[in-house]
Structures are given as structure tokens and as C-alpha cells.
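Just the one chain here, laid out as C-alpha cells, in the form predicted alone.
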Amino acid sequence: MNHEMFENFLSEAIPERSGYEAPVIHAMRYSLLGGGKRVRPSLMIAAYRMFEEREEAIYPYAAALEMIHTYSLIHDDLPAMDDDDLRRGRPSCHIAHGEANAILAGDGLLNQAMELVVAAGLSAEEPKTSLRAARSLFTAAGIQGMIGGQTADLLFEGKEAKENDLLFIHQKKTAALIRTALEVGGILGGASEKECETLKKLGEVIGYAFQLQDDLLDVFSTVEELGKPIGSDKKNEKLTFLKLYGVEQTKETIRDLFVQADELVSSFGNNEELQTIVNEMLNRRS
């Protein structure tokens, strides 16, 4: 992934304006362009590049995914949700721009994501392929994906639950956007149905590992390393794998997921870029 080109695309997708909408656009850009590892777009582009060399064609979908992810973080940080004042080492959007503008900024990013994908589909040589990719992306962001998982996450705060409840939350809240990143990359790159299914499975595996790592980092990392408050799960009485099974079982499960992810990535040819990103994700410290 050419990070400079992608960052320029993101910035140009939401240009500054001086009109009445300027405050919300400034809030949108503050959160979207204020750092972040770009894990999800990187995965999408890497999956795409296993089948197609030129990456710019998938930028609208990768940018849309990053906008969806960013809007979810803005809303997660709000006082009505996780009530966190720090994100990516800076004041959260609602602290920097006020709650009302933060809510509107999240809404604006979601709608801008839709606009990007629709515009890309209108100019695509194969509109049905674009529609298939769009369906995957926005299903993963909706009640069957991220929003459904977030709802369940709130439902089980401070309550007893079983592993199936936890698995539902992780599959929907965290893994859904990672799964669609890989699937959309495959769809638009021209992967076969079987290859797309393998990419989806890979997304579920690394999405689950990613969440378990977050559980550990929330306890054992620092504000400086993580760029956001630690101890949020305990503060909000979140249901986590760590809470149910403890540190050693969590680490063992992550190791098992590493093995599964490696096997799935190895089933593809031309997988060096994807393998590098997955390795970085599975060995992260922040």
C-alpha cells in the first residue's frame, strides 16, 4: 500500500470548506486524518493486490471503510457510550469539537463512505461486482455487523454471560469490518468464490485475535503506548474473553489464532504484502 497516496486520497475525499457546514467538516477531518494505523484499508488493498497490481482503483472502497471505522470510534468515545476523552493520543472528537459536532461528524463520515462507494460503482466496468462489494461493506457496518455487535456489547455490560455471547460480540463488533476488508479486496480483485470464502475466514480469525489483543492491551499497556485510556473495559464493566478465562487462556487462544491465520494466508500465492500486514497485526503492542 502506498500510504502517502492513500492519505492524499482520504484528505481530498473530504475537503475543507468555509460555509455553514465547516464546523462538522473540520471535526470529520480531525478524526479521520488524525493518525491511526489504517489496518482495515491496508488489508483490503493487500487482498486486492494478490489479484490486481494497480491499487488506486480500490481506494474509494478502502477510504469508505476507514471512514466507517473512524465514525464508529467517534461514537464509541461519546459519554453515552464508552465515555473516553482520548483517542490516538489526542482529545477525542467530542472533547475537541463538542458532542453535537462529534455526533454529526460520525454521521457525516458514514454518509461520505456511501457517496464514495456509489460514485465508484457508477463508473465501474462491472457494476454488479461493485454492488456485491458495497453490500458486503455496508452489511458489515450495520445491524448484522458492527452496530449489532456494539448493541450486544452494551447489553452485557455488568452482566453475566456465556462464551457464545462473547463470540457474537467479537464477530460482529470487531471482526465484521476486518472480514469485509479482505472480502471486498477479493471481490474487486477478481478472486473466485472459494478464495473470497477463505479471505472471509481469515478476517474472522484475525478479527477475533485483534479483539483479544485489545483486551490484554487495555489492562497491560499504557496511555502513551495505546494512545487512548487504559482500563476502559473494567470501568464500563465490559464482557471480555480476559474476564471470562484469564490472562493465560487469552494468550493461548491468540497463539492458536496466529497458527490458523498463517495457514489461511499461506493458501494464497503472491501473498507477501498480506502476510506482512497480518504478522504486524498479530504481533502489535499498541
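Numbering starts at 1 and follows the sequence shown. Owing to the predicted nature of the structure, the values given are computational and were not obtained by experimental measurement.
Keep in mind the form predicted in complex with a small molecule is missing from the figure; the text below concerns it.
Colleague: Please determine whether each residue of E7, R49 and P60 possesses a non-hydrogen atom within 4.5 angstroms of the small molecule in the model of the complex.
Modeller: So, no: the whole triplet misses the small molecule.
Colleague: So the small molecule isn't shown here. In the model of the complex, which residue out of I147, L216, I95, L155 has a non-hydrogen atom within 4.5 Å of it?
Modeller: Checking each option against the small molecule in the model of the complex, the one that comes within 4.5 Å is I147.
Colleague: Which listed residue (C196, A120, L73, I103) meets the criterion of a heavy atom within 4.5 Å of the small molecule in the model of the complex?
Modeller: Of the candidates C196, A120, L73, I103, L73 is the one lying within 4.5 Å of the small molecule in the model of the complex.
Colleague: Q211 near the small molecule in the model of the complex, any heavy atom under 4.5 Å?
Modeller: Flag for Q211 set to yes.
Colleague: So, H69 and the small molecule: in the model of the complex, are they within 4.5 Å at any heavy atom pair?
Modeller: Flag for H69 set to yes.
Colleague: If we define contact as a non-hydrogen atom of the residue within 4.5 angstroms of the partner, is M81 a contact of the small molecule in the model of the complex?
Modeller: Contact with the small molecule, yes.
Colleague: Can any non-hydrogen atom of K173 be found within 4.5 angstroms of the small molecule in the model of the complex?
Modeller: Taking the distances in the model of the complex, the answer for K173 is yes, it comes within 4.5 Å of the small molecule.
Colleague: Which of 241-249, 52-60, 256-264, 31-39 has heavy atoms within 4.5 Å of the small molecule in the model of the complex?
Modeller: One stretch meets the cut-off, namely 31-39.
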